[in-house]
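A single chain, nothing else alongside it, follows as C-alpha coordinates in the form predicted alone.
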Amino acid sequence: MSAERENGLLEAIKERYLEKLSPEIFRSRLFWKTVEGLARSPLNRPQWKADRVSLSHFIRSTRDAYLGKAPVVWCNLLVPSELVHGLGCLPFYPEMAAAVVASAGLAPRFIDRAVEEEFSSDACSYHRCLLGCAVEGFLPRPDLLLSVNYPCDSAVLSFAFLSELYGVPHLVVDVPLPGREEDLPLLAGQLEEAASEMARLSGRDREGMLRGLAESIELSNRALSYLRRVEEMRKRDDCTLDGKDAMGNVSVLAGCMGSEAGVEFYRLLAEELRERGCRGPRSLRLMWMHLKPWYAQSIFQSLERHGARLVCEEYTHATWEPMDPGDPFVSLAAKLESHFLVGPAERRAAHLARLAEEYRVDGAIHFNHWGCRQSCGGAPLVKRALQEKGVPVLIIDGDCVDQREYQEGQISTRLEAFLESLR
(Lines give C-alpha, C1' and ligand atoms only; values in the text may rest on other atoms or scores of the structure.)
Protein backbone atom coordinates (compact mmCIF):
# COMPACT_ATOMS: atom_id res chain seq x y z
CA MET A 1 0.00 0.00 0.00
CA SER A 2 1.34 3.44 -0.75
CA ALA A 3 2.44 5.30 2.33
CA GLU A 4 0.29 8.28 1.46
CA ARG A 5 -2.91 6.24 1.22
CA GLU A 6 -2.06 4.12 4.24
CA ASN A 7 -1.39 7.23 6.29
CA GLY A 8 -4.61 8.79 5.01
CA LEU A 9 -6.65 5.88 6.35
CA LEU A 10 -4.74 5.84 9.64
CA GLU A 11 -5.20 9.59 10.05
CA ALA A 12 -8.94 9.21 9.48
CA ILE A 13 -9.11 6.47 12.13
CA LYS A 14 -6.99 8.51 14.55
CA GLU A 15 -9.20 11.55 14.08
CA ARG A 16 -12.24 9.55 15.17
CA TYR A 17 -10.74 7.35 17.88
CA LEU A 18 -7.48 8.78 19.29
CA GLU A 19 -9.13 10.57 22.18
CA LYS A 20 -10.87 7.38 23.34
CA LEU A 21 -8.15 4.89 22.35
CA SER A 22 -8.44 1.82 24.57
CA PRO A 23 -8.12 -1.97 24.20
CA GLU A 24 -11.92 -2.24 24.29
CA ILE A 25 -12.24 -0.10 21.16
CA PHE A 26 -10.50 -2.80 19.10
CA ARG A 27 -12.95 -5.42 20.32
CA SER A 28 -15.93 -3.34 19.27
CA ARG A 29 -17.87 -4.37 16.15
CA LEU A 30 -18.76 -0.70 15.61
CA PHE A 31 -15.07 0.21 15.43
CA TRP A 32 -14.41 -2.36 12.72
CA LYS A 33 -17.51 -1.35 10.76
CA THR A 34 -16.16 2.21 10.83
CA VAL A 35 -12.68 1.10 9.72
CA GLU A 36 -14.13 -0.95 6.86
CA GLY A 37 -16.29 2.01 5.81
CA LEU A 38 -13.32 4.39 5.85
CA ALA A 39 -11.23 1.91 3.85
CA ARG A 40 -13.93 1.77 1.15
CA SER A 41 -14.13 5.56 0.96
CA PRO A 42 -12.86 7.05 -2.33
CA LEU A 43 -10.71 9.40 -0.24
CA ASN A 44 -8.70 6.44 1.08
CA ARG A 45 -8.59 4.36 -2.08
CA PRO A 46 -5.09 2.96 -2.75
CA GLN A 47 -3.49 3.84 -6.08
CA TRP A 48 -3.00 0.16 -7.00
CA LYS A 49 -5.92 -2.25 -7.36
CA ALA A 50 -3.83 -4.95 -5.71
CA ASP A 51 -3.48 -2.81 -2.59
CA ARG A 52 -7.25 -2.73 -2.21
CA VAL A 53 -7.18 -6.52 -1.98
CA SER A 54 -4.44 -6.63 0.67
CA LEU A 55 -6.01 -3.76 2.65
CA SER A 56 -9.36 -5.52 2.70
CA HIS A 57 -7.76 -8.85 3.62
CA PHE A 58 -5.76 -7.49 6.55
CA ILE A 59 -8.64 -5.44 7.93
CA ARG A 60 -10.94 -8.48 7.78
CA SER A 61 -8.34 -10.84 9.22
CA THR A 62 -7.40 -8.44 12.05
CA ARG A 63 -11.05 -7.76 12.84
CA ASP A 64 -11.75 -11.49 13.06
CA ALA A 65 -8.72 -11.96 15.33
CA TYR A 66 -9.94 -9.29 17.74
CA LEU A 67 -13.49 -10.65 17.65
CA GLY A 68 -12.28 -14.23 18.19
CA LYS A 69 -13.92 -15.68 15.09
CA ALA A 70 -11.24 -18.38 14.73
CA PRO A 71 -8.14 -19.54 16.62
CA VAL A 72 -5.48 -16.82 16.48
CA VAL A 73 -1.87 -17.81 15.84
CA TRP A 74 0.79 -15.17 16.35
CA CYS A 75 3.66 -15.62 13.89
CA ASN A 76 6.97 -13.96 13.16
CA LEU A 77 8.16 -13.05 9.69
CA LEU A 78 9.35 -16.43 8.38
CA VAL A 79 6.50 -18.65 9.60
CA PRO A 80 4.95 -20.05 6.38
CA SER A 81 1.46 -18.54 6.28
CA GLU A 82 0.21 -21.52 4.23
CA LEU A 83 0.52 -23.55 7.41
CA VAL A 84 -1.86 -21.25 9.31
CA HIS A 85 -4.37 -20.55 6.53
CA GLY A 86 -4.53 -24.24 5.68
CA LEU A 87 -5.53 -25.15 9.21
CA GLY A 88 -8.39 -22.65 9.44
CA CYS A 89 -6.59 -20.38 11.90
CA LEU A 90 -5.98 -16.64 11.71
CA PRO A 91 -2.33 -15.59 11.39
CA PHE A 92 -1.44 -12.42 13.26
CA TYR A 93 1.97 -10.81 12.79
CA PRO A 94 2.74 -8.54 15.76
CA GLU A 95 5.90 -7.20 14.07
CA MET A 96 3.66 -5.88 11.27
CA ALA A 97 1.29 -4.48 13.87
CA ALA A 98 4.24 -2.51 15.27
CA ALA A 99 4.84 -1.04 11.79
CA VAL A 100 1.19 0.06 11.62
CA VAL A 101 1.46 1.62 15.09
CA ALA A 102 4.57 3.47 13.92
CA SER A 103 2.74 4.67 10.77
CA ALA A 104 0.09 6.15 13.04
CA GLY A 105 2.77 7.96 15.06
CA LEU A 106 1.85 6.07 18.24
CA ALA A 107 4.96 3.92 18.68
CA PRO A 108 6.74 6.09 21.31
CA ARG A 109 3.87 5.57 23.76
CA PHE A 110 4.14 1.78 23.60
CA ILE A 111 7.95 1.68 23.41
CA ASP A 112 8.06 3.71 26.61
CA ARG A 113 5.59 1.27 28.19
CA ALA A 114 7.95 -1.61 27.35
CA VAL A 115 10.82 0.30 28.94
CA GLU A 116 8.73 0.65 32.11
CA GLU A 117 8.54 -3.16 32.07
CA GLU A 118 12.38 -3.13 31.99
CA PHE A 119 12.86 -4.33 28.43
CA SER A 120 16.26 -3.12 27.26
CA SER A 121 16.44 0.03 25.12
CA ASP A 122 19.02 -1.88 23.02
CA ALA A 123 16.33 -4.33 21.91
CA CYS A 124 14.66 -4.04 18.50
CA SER A 125 12.02 -1.31 18.57
CA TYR A 126 9.57 -3.49 16.59
CA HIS A 127 9.57 -5.80 19.58
CA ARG A 128 9.63 -3.11 22.25
CA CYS A 129 6.59 -1.57 20.54
CA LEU A 130 4.65 -4.83 20.25
CA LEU A 131 5.53 -5.79 23.84
CA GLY A 132 4.23 -2.42 25.05
CA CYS A 133 1.04 -2.94 23.05
CA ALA A 134 0.62 -6.44 24.49
CA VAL A 135 1.22 -5.37 28.08
CA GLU A 136 -1.43 -2.68 27.71
CA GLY A 137 -3.87 -5.21 26.19
CA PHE A 138 -4.11 -3.63 22.75
CA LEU A 139 -3.39 -6.76 20.69
CA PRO A 140 -5.80 -9.63 19.88
CA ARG A 141 -5.43 -12.49 22.32
CA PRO A 142 -3.47 -15.42 20.81
CA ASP A 143 -4.38 -19.10 21.10
CA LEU A 144 -0.89 -20.14 20.02
CA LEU A 145 2.48 -18.44 19.50
CA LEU A 146 4.56 -19.82 16.65
CA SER A 147 8.04 -18.51 15.92
CA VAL A 148 10.91 -19.45 13.65
CA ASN A 149 14.43 -18.97 15.03
CA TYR A 150 15.34 -16.83 11.99
CA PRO A 151 15.89 -14.04 11.03
CA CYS A 152 16.68 -13.01 14.62
CA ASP A 153 16.37 -13.96 18.26
CA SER A 154 13.93 -11.16 19.10
CA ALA A 155 10.75 -13.00 18.15
CA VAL A 156 11.70 -16.17 20.01
CA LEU A 157 12.49 -14.17 23.16
CA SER A 158 9.49 -11.83 22.90
CA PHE A 159 7.12 -14.73 22.25
CA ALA A 160 8.52 -16.57 25.28
CA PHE A 161 7.53 -13.58 27.44
CA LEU A 162 4.15 -13.32 25.73
CA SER A 163 3.51 -17.03 26.25
CA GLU A 164 3.61 -16.40 30.00
CA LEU A 165 1.66 -13.15 29.72
CA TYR A 166 -1.23 -14.81 27.87
CA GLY A 167 -0.87 -18.32 29.31
CA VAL A 168 -0.77 -19.97 25.86
CA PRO A 169 1.72 -22.40 24.25
CA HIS A 170 4.73 -21.18 22.31
CA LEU A 171 6.21 -23.43 19.62
CA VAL A 172 9.65 -22.64 18.21
CA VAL A 173 10.61 -23.98 14.79
CA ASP A 174 14.36 -24.49 14.81
CA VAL A 175 15.59 -24.26 11.21
CA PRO A 176 18.83 -26.16 10.54
CA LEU A 177 21.68 -24.56 8.62
CA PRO A 178 21.04 -24.48 4.86
CA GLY A 179 22.47 -27.03 2.50
CA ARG A 180 22.06 -30.05 4.79
CA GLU A 181 19.47 -32.17 3.01
CA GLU A 182 19.56 -34.79 5.75
CA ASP A 183 18.09 -32.22 8.19
CA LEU A 184 15.05 -31.37 6.05
CA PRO A 185 12.89 -34.22 7.50
CA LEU A 186 13.62 -32.86 11.01
CA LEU A 187 12.35 -29.44 9.98
CA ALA A 188 9.33 -31.03 8.26
CA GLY A 189 8.59 -32.89 11.50
CA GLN A 190 8.56 -29.63 13.49
CA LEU A 191 6.13 -28.07 11.01
CA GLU A 192 3.88 -31.13 11.24
CA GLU A 193 3.89 -30.82 15.03
CA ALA A 194 2.86 -27.16 14.74
CA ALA A 195 0.17 -28.08 12.19
CA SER A 196 -1.22 -30.75 14.51
CA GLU A 197 -1.53 -28.19 17.30
CA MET A 198 -3.36 -25.77 15.01
CA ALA A 199 -5.62 -28.57 13.73
CA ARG A 200 -6.49 -29.33 17.35
CA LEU A 201 -7.39 -25.66 17.91
CA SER A 202 -9.59 -25.52 14.81
CA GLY A 203 -11.14 -28.95 15.39
CA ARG A 204 -9.77 -30.70 12.29
CA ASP A 205 -8.83 -34.35 12.05
CA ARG A 206 -5.73 -35.48 10.16
CA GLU A 207 -7.63 -35.88 6.90
CA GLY A 208 -9.03 -32.37 7.21
CA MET A 209 -5.58 -31.03 8.12
CA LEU A 210 -3.94 -32.51 5.00
CA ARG A 211 -6.81 -31.41 2.78
CA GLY A 212 -6.59 -27.84 4.10
CA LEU A 213 -2.83 -27.72 3.62
CA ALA A 214 -3.10 -29.07 0.06
CA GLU A 215 -5.58 -26.30 -0.76
CA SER A 216 -3.43 -23.56 0.77
CA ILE A 217 -0.31 -24.80 -1.03
CA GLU A 218 -2.15 -24.82 -4.34
CA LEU A 219 -3.19 -21.21 -3.69
CA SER A 220 0.39 -20.35 -2.73
CA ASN A 221 1.71 -21.86 -5.97
CA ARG A 222 -0.74 -19.78 -8.01
CA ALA A 223 0.29 -16.61 -6.16
CA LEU A 224 3.95 -17.50 -6.71
CA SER A 225 3.46 -17.74 -10.48
CA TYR A 226 2.04 -14.19 -10.57
CA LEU A 227 4.76 -12.92 -8.22
CA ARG A 228 7.39 -14.28 -10.62
CA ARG A 229 5.77 -12.27 -13.42
CA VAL A 230 5.93 -9.12 -11.29
CA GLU A 231 9.61 -9.73 -10.56
CA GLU A 232 10.47 -10.30 -14.22
CA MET A 233 8.71 -7.08 -15.28
CA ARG A 234 10.49 -5.08 -12.59
CA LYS A 235 13.85 -6.48 -13.63
CA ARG A 236 13.26 -5.82 -17.31
CA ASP A 237 11.48 -2.46 -17.32
CA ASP A 238 11.55 0.88 -15.53
CA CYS A 239 8.20 0.03 -13.96
CA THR A 240 5.79 2.48 -12.43
CA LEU A 241 5.83 0.52 -9.16
CA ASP A 242 8.15 2.37 -6.78
CA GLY A 243 10.02 0.42 -4.12
CA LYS A 244 9.01 2.85 -1.38
CA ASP A 245 5.45 1.59 -1.90
CA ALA A 246 6.36 -1.99 -2.78
CA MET A 247 8.25 -2.35 0.50
CA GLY A 248 4.90 -2.68 2.27
CA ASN A 249 4.28 -5.84 0.24
CA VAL A 250 6.45 -7.71 2.71
CA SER A 251 3.21 -8.11 4.70
CA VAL A 252 1.54 -9.82 1.71
CA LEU A 253 4.48 -12.12 1.09
CA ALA A 254 4.59 -13.10 4.77
CA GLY A 255 0.89 -13.21 5.60
CA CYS A 256 -1.18 -13.89 2.47
CA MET A 257 0.51 -16.83 0.76
CA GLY A 258 -1.90 -19.75 0.95
CA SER A 259 -4.99 -17.52 0.79
CA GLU A 260 -7.25 -16.34 -2.04
CA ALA A 261 -6.13 -12.78 -1.23
CA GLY A 262 -2.51 -13.68 -2.01
CA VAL A 263 -3.47 -14.98 -5.46
CA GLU A 264 -5.64 -11.99 -6.26
CA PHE A 265 -3.07 -9.48 -4.99
CA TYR A 266 -0.24 -10.71 -7.22
CA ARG A 267 -2.57 -11.37 -10.18
CA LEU A 268 -3.82 -7.78 -10.12
CA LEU A 269 -0.34 -6.36 -9.55
CA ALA A 270 1.07 -8.26 -12.55
CA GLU A 271 -1.88 -7.22 -14.69
CA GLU A 272 -1.68 -3.55 -13.71
CA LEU A 273 2.09 -3.37 -14.14
CA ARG A 274 1.68 -4.72 -17.69
CA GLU A 275 -1.12 -2.23 -18.44
CA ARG A 276 0.73 0.80 -17.05
CA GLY A 277 3.93 0.01 -18.95
CA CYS A 278 7.23 1.78 -18.41
CA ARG A 279 7.67 4.99 -16.51
CA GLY A 280 9.62 6.79 -19.21
CA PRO A 281 13.11 8.34 -19.10
CA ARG A 282 15.59 6.25 -17.18
CA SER A 283 16.02 7.10 -13.51
CA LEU A 284 18.80 6.23 -11.14
CA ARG A 285 17.98 2.64 -10.14
CA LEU A 286 18.47 1.95 -6.45
CA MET A 287 18.06 -1.06 -4.16
CA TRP A 288 16.83 -0.64 -0.57
CA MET A 289 18.08 -3.06 2.06
CA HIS A 290 16.30 -3.88 5.33
CA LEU A 291 13.00 -1.99 5.84
CA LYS A 292 12.02 1.67 5.74
CA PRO A 293 11.01 4.00 8.57
CA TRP A 294 7.23 3.61 8.75
CA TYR A 295 6.54 7.07 10.21
CA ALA A 296 6.55 10.28 8.18
CA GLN A 297 10.01 11.39 7.02
CA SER A 298 11.60 12.90 3.92
CA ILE A 299 14.01 10.24 2.61
CA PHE A 300 11.87 9.37 -0.36
CA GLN A 301 11.22 12.98 -1.32
CA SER A 302 15.01 13.39 -1.56
CA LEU A 303 15.18 10.40 -3.90
CA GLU A 304 12.49 11.89 -6.13
CA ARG A 305 14.26 15.26 -6.27
CA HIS A 306 17.36 13.52 -7.59
CA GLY A 307 15.50 11.46 -10.15
CA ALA A 308 16.23 8.26 -8.24
CA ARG A 309 13.82 5.37 -7.77
CA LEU A 310 13.83 2.21 -5.71
CA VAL A 311 13.51 -0.63 -8.20
CA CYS A 312 14.29 -3.40 -5.76
CA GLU A 313 13.71 -4.05 -2.06
CA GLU A 314 15.27 -6.75 0.09
CA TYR A 315 12.21 -8.47 1.54
CA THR A 316 9.65 -8.71 -1.27
CA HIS A 317 11.04 -11.54 -3.42
CA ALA A 318 10.22 -15.22 -3.58
CA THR A 319 13.10 -17.52 -2.76
CA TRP A 320 11.33 -20.85 -3.13
CA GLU A 321 10.06 -23.11 -5.92
CA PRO A 322 6.47 -24.35 -6.42
CA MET A 323 5.49 -26.79 -3.68
CA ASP A 324 3.89 -30.24 -3.77
CA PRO A 325 0.37 -30.09 -2.25
CA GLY A 326 0.60 -33.83 -1.61
CA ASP A 327 3.75 -33.47 0.50
CA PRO A 328 3.02 -30.33 2.54
CA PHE A 329 5.51 -30.56 5.38
CA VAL A 330 8.60 -31.35 3.31
CA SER A 331 7.51 -28.69 0.78
CA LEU A 332 7.04 -26.03 3.46
CA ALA A 333 10.33 -27.04 5.07
CA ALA A 334 12.09 -26.54 1.74
CA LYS A 335 10.40 -23.16 1.33
CA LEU A 336 11.50 -22.06 4.79
CA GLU A 337 15.04 -23.32 4.33
CA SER A 338 15.34 -21.51 1.00
CA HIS A 339 15.10 -18.06 2.59
CA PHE A 340 18.29 -16.04 2.34
CA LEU A 341 17.97 -14.93 5.98
CA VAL A 342 18.39 -18.53 7.13
CA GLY A 343 22.03 -19.34 7.77
CA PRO A 344 25.20 -17.25 7.82
CA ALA A 345 25.34 -13.55 6.90
CA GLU A 346 27.36 -14.47 3.79
CA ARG A 347 24.20 -16.07 2.35
CA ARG A 348 22.29 -12.80 2.71
CA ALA A 349 25.18 -10.83 1.21
CA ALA A 350 25.38 -13.16 -1.81
CA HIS A 351 21.61 -12.95 -2.30
CA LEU A 352 21.65 -9.13 -2.27
CA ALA A 353 24.60 -9.00 -4.66
CA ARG A 354 22.65 -11.26 -7.03
CA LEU A 355 19.56 -9.03 -6.77
CA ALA A 356 21.67 -5.95 -7.50
CA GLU A 357 22.88 -7.55 -10.73
CA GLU A 358 19.47 -8.84 -11.81
CA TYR A 359 17.80 -5.47 -11.21
CA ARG A 360 20.70 -3.51 -12.75
CA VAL A 361 20.93 -1.07 -9.85
CA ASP A 362 23.18 1.99 -9.89
CA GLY A 363 23.50 2.07 -6.11
CA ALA A 364 22.12 0.61 -2.90
CA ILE A 365 20.99 1.95 0.48
CA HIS A 366 21.23 -0.15 3.63
CA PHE A 367 18.98 1.12 6.42
CA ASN A 368 20.60 0.11 9.71
CA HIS A 369 17.59 -0.38 11.98
CA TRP A 370 18.56 0.23 15.59
CA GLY A 371 18.66 -2.98 17.63
CA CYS A 372 18.59 -5.31 14.58
CA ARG A 373 21.65 -7.50 15.11
CA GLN A 374 21.22 -9.64 12.02
CA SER A 375 20.91 -6.66 9.69
CA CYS A 376 23.29 -4.11 11.21
CA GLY A 377 25.84 -6.77 12.06
CA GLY A 378 25.93 -7.99 8.47
CA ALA A 379 25.92 -4.54 6.83
CA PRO A 380 29.73 -4.30 6.30
CA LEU A 381 29.71 -7.78 4.73
CA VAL A 382 26.82 -6.81 2.44
CA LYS A 383 28.52 -3.55 1.49
CA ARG A 384 31.71 -5.39 0.52
CA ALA A 385 29.81 -7.96 -1.56
CA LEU A 386 28.00 -5.21 -3.49
CA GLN A 387 31.11 -3.10 -3.98
CA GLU A 388 32.86 -6.13 -5.48
CA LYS A 389 30.08 -6.04 -8.09
CA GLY A 390 30.70 -2.33 -8.67
CA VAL A 391 27.60 -1.17 -6.77
CA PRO A 392 28.14 1.85 -4.45
CA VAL A 393 26.48 1.46 -1.05
CA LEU A 394 25.25 4.00 1.50
CA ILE A 395 24.64 2.79 5.05
CA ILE A 396 22.16 4.92 7.00
CA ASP A 397 21.63 4.52 10.74
CA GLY A 398 18.08 4.97 11.98
CA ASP A 399 15.03 3.29 13.43
CA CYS A 400 12.08 1.89 11.48
CA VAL A 401 9.61 2.29 14.36
CA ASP A 402 10.79 4.92 16.86
CA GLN A 403 10.70 8.32 15.18
CA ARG A 404 12.68 9.85 18.04
CA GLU A 405 15.78 7.99 16.80
CA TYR A 406 15.57 9.44 13.30
CA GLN A 407 18.18 12.14 12.63
CA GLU A 408 16.58 13.99 9.73
CA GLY A 409 19.34 16.51 9.04
CA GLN A 410 22.22 14.06 9.23
CA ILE A 411 20.49 11.48 7.05
CA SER A 412 19.47 14.05 4.43
CA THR A 413 23.02 15.38 4.15
CA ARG A 414 24.53 11.93 3.65
CA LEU A 415 21.79 10.86 1.24
CA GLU A 416 22.15 13.99 -0.91
CA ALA A 417 25.93 13.49 -1.13
CA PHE A 418 25.49 9.82 -2.08
CA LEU A 419 22.96 10.59 -4.81
CA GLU A 420 25.19 13.34 -6.23
CA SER A 421 28.07 10.85 -6.40
CA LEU A 422 26.00 8.48 -8.54
CA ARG A 423 25.48 11.05 -11.32
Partner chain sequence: MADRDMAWFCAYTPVELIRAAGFRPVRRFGDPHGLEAADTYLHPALCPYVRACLAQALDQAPPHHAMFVNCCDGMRRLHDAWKALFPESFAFLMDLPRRTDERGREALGREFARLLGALEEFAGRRVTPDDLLRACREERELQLAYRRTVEGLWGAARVAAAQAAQEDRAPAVEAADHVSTGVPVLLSGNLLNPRGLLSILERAGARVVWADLCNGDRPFTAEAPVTGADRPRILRELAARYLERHPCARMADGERRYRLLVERARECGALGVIYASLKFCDSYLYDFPRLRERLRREEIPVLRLESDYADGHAGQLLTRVEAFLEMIAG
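Residue numbers count along the first chain shown, from 1. Since this is a predicted model, take the numbers as computed values, not measurements.
Omitted from view is the form predicted in complex with its partner chain, to which the following refers.
Put simply, of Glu272, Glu231, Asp183, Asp237 only one has a heavy atom within 4.5 Å of its partner chain in the predicted complex, and it is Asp183. Proximity to its partner chain in the predicted complex, defined as a heavy atom within 4.5 Å, singles out one entry of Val250, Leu144, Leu90, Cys152, which is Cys152. This chain is displayed without its partner chain, yet in the predicted complex the stretch 362-370 from 362-370, 44-52, 61-69, 29-37 comes within 4.5 Å of it by heavy atoms. Although the partner is absent here, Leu332 sits far enough away that none of its heavy atoms falls within 4.5 Å of its partner chain in the predicted complex. For the chain shown alone, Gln301 is not a contact residue for its partner chain in the predicted complex, no non-hydrogen atom being within 4.5 angstroms.
Its partner chain in the predicted complex is not approached by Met257, whose heavy atoms all lie more than 4.5 angstroms from it. None of the heavy atoms of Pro322 is located within 4.5 Å of its partner chain in the predicted complex. Not one of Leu139, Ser202 and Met209 is positioned with any heavy atom within 4.5 Å of its partner chain in the predicted complex. Along 173-201, residues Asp174, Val175, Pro176, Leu177, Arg180, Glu182, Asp183, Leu186, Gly189, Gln190, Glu193 each place a heavy atom within 4.5 Å of its partner chain in the predicted complex.
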